[in-house]
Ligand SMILES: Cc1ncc(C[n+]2csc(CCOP(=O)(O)OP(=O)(O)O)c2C)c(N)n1
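Okay, here we've got a single chain as structure tokens, the form predicted on its own, with questions on binding and movement later.
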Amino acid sequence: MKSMPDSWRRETKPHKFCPGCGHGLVLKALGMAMDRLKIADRTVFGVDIGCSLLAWDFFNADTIQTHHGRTVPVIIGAKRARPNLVGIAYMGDGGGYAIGSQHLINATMRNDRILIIIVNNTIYAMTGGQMAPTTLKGQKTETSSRGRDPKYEGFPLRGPEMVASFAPEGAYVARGSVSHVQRLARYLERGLENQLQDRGISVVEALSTCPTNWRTNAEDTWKFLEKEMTDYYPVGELVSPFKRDTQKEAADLETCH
């Protein structure tokens, strides 16, 4: 039996994120989806400034790091210049819902054929743990030491619900969680399939963890993710042109819980 050529060998490496960070799991789910569809050689992967930039050399795919909040228009530009590419814009909740919110809204209005992945860990993580658009009511951060008060700081933003409220026909909008990696991978795969089939924009939010800035141990980290976060940010598909497969969804939950 002939040995496998070096060019065919798949390499892996540890991620550069903090211990307990959910970014590694989100990227694992994305890698699973890309492998299933065999699209790495035609993918352009854009990463935003923030924790997401640490994914710049994670995949064997063309990657570009953008200015903060500008990943979406950069990937749209690449996709318009070369429509055969698979465009993925990867960012945190700050890049997606704060400085980059106008790009998210306009890209949805135009129904641009790209996949936008927004990692929601309820905080600005790389800069020290400040309040983000997704910080929960009562959650303490470096800039909300008494807990987020909607009277002064407003309410946490539900990004996928906002996008779904005006998403054009053919769009795909979902929210997954790193607590169910197979289910998240399924959502990301559907988002990529939606782009490959030229239907419309795909936006997938991934609920993630940040024990470093949450100042939580393993048990409390998971409890915050699976209870407090999912209570306010329910997981599921909000807009989908795909026929719902309830049996597959149940299997994903059973496998990964």
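Since this is a predicted model, take the numbers as computed values, not measurements. Position 1 is the first residue in the sequence shown; the rest follow in order.
Keep in mind that the form predicted together with the named molecule is not shown, yet the notes after this line are about it.
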Residue within 4.5 Å of the named molecule in the predicted complex by heavy atom, from 106, 143, 165, 127, is 127
Residue among 44, 32, 39, 49 with a heavy atom within 4.5 Å of the named molecule in the predicted complex
49
Interface segment, criterion being heavy atoms within 4.5 Å of the named molecule in the predicted complex, picked from 49 to 57, 227 to 235, 198 to 206, 185 to 193:
49 to 57
At 4.5 Å between heavy atoms, is residue 99 in contact with the named molecule in the predicted complex?
yes
Since only the chain is shown here, I'm wondering whether residue 93 would be in contact with the named molecule in the predicted complex (any heavy atom pair within 4.5 Å).
yes
Would residue 75 count as a contact of the named molecule in the predicted complex, using a 4.5 angstroms cut-off between non-hydrogen atoms?
no
Is residue 117 one of the residues lying within 4.5 Å of the named molecule in the predicted complex, judged by heavy atom distances?
no
